[in-house]
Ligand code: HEM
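The chain that follows stands alone, in the form predicted on its own, written as structure tokens.
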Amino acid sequence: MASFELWIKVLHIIAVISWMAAMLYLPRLFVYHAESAPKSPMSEQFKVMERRLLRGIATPAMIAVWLTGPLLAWREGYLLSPWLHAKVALVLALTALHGFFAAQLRAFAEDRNARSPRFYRIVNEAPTVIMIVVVFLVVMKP
């Protein structure tokens, strides 16, 4: 039977994958939403998709990451590791980006988005960059 740490690690990896998938897809939805006319059928459909993605996948996955990650770090003895401190800083940045995306979702829901599709295309790269650096830190533990 697998140890407690392995079960927590499995849950953590699943949560990270789910959160990253949502964080990569949500700004792409914002690109398309910004290109559609407010109150149009497409805009209304994007509102539903964005809300379900954020509330149904991204936020629960983020919470699971924050519950399992510190537990793993503590159980595996990494709390004082400099690479973990850098990783936590990046996860905090991703959490802030999550909050920014939630604010953008509210703006779209209220038909008051003031940002261009180009802005969302650029912002869409931030989760990717964070993910690459986090994977490097976790695997290489510099």
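This one's a predicted model, so the numbers in the text were calculated from it and none came from an experiment. In case it trips you up, residue 1 is the first one in the sequence shown, and so on.
Beyond the structure shown, there is the form predicted together with the ligand, which is absent from this document and is the topic of what follows.
For the candidate spot formed by Lys9, Ala73 and Val88, every residue has a non-hydrogen atom within 4.5 angstroms of the ligand in the predicted bound form.
Proximity to the ligand in the predicted bound form, taken as a non-hydrogen atom within 4.5 angstroms, holds for one residue of Leu53, Leu84, Val31, Leu105, which is Leu84. Contact check for Phe100: no non-hydrogen atom falls within 4.5 Å of the ligand in the predicted bound form. Residue contact with the ligand in the predicted bound form: Gly69 places a heavy atom within 4.5 Å of it. Using a 4.5 angstroms threshold between heavy atoms, Ala21 stays clear of the ligand in the predicted bound form. Although the partner is absent here, Val123 sits far enough away that none of its heavy atoms falls within 4.5 Å of the ligand in the predicted bound form. In short, of 22-30, 40-48, 88-96, 111-119 it is 88-96 that has heavy atoms within 4.5 Å of the ligand in the predicted bound form.
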